[in-house]
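Read the single chain below, which is given as structure tokens and is the form predicted alone.
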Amino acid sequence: MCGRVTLVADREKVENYFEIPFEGWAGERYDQLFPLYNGAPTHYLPVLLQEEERKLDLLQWGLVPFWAKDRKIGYKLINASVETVAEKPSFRNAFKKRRCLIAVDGYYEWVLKNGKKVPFRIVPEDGSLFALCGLSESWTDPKSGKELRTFTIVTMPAADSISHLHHRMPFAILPGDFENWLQGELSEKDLQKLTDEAAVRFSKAYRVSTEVNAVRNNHEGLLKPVEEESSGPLFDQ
């Protein structure tokens, strides 16, 4: 599961990471929306697309398939499992034709302790940007005729270092594999190779404030580590 993310990098850093400028209005819009300390479904994130040409744009999180009658389906399609993404009706067409990459610099997971949800932020050890594998779609509202571009984040089994937080993690790759994900003819064996070689294993996880539990909270303090409660360790040894 991946249901909350962070992205605090400025526009230039994101463009340099993907080696391409934002498409059209998206650059100015990025400056208005970011930094994002508590990104959630329906929020917009920078997405690298491979169409006739490679493009960097802002898309809404929560995939709305082109055949959907209602955009509300996007609330249910925020993640896609790498093991079944090529077969599931909601994802298989996008997997064949519209794979994409999403820029983030961390994400949140929660564990239950004494009946309470305890949040953790999970990041790469060096604190750098990383790209999540995703799928994109373009949907036209049948009532207004307006186009909505959306995405979902692909997930994979969690690395051992963070599996105590959740059994799934977002599927992240390094620039050297961008081309394979965006345009490659990916077989099941190819996908397995990419997941095995997923370079960003989110080896660093730290506890953060429960303020992050509420989507309305979006400030720098959410990223700061908080001390463990004095009542004992979070995980049994």
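We number the residues from 1 along the sequence you see. Just so you know, these numbers come straight off a predicted model, no measurement behind them.
Note that the form predicted together with the DNA isn't included here; everything after this is about it.
Q: Since only the chain is shown here, I'm wondering whether V104 would be in contact with the DNA in the model of the complex (any heavy atom pair within 4.5 Å).
A: Taking the distances in the model of the complex, the answer for V104 is no, it never comes within 4.5 Å of the DNA.
Q: So in the model of the complex, does R207 come within 4.5 Å of the DNA, heavy atom to heavy atom?
A: No, R207 is distant from the partner.
Q: Does the DNA get within 4.5 angstroms of any non-hydrogen atom of F120 in the model of the complex?
A: Residue-level check for F120: no, no contact with the DNA.
Q: Can you tell me whether K146 touches the DNA? I mean in the model of the complex, with a 4.5 angstroms heavy atom cut-off.
A: No - in the model of the complex, heavy atoms of K146 and the DNA never come within 4.5 Å of each other.
Q: Looking at R29, R168, K193, R54, which is the one with a non-hydrogen atom within 4.5 Å of the DNA in the model of the complex?
A: Among R29, R168, K193, R54, a heavy atom within 4.5 Å of the DNA in the model of the complex occurs only for R168.
Q: May I ask whether L36, V47 and Q183 each come within 4.5 Å of the DNA in the model of the complex, counting any non-hydrogen atom?
A: Per the other structure, none of L36, V47 and Q183 touch the DNA.
Q: Out of 105 to 132, which residues reach within 4.5 Å of the DNA in the model of the complex, heavy atoms considered?
A: The stretch touches the partner through W110, L112, K117.
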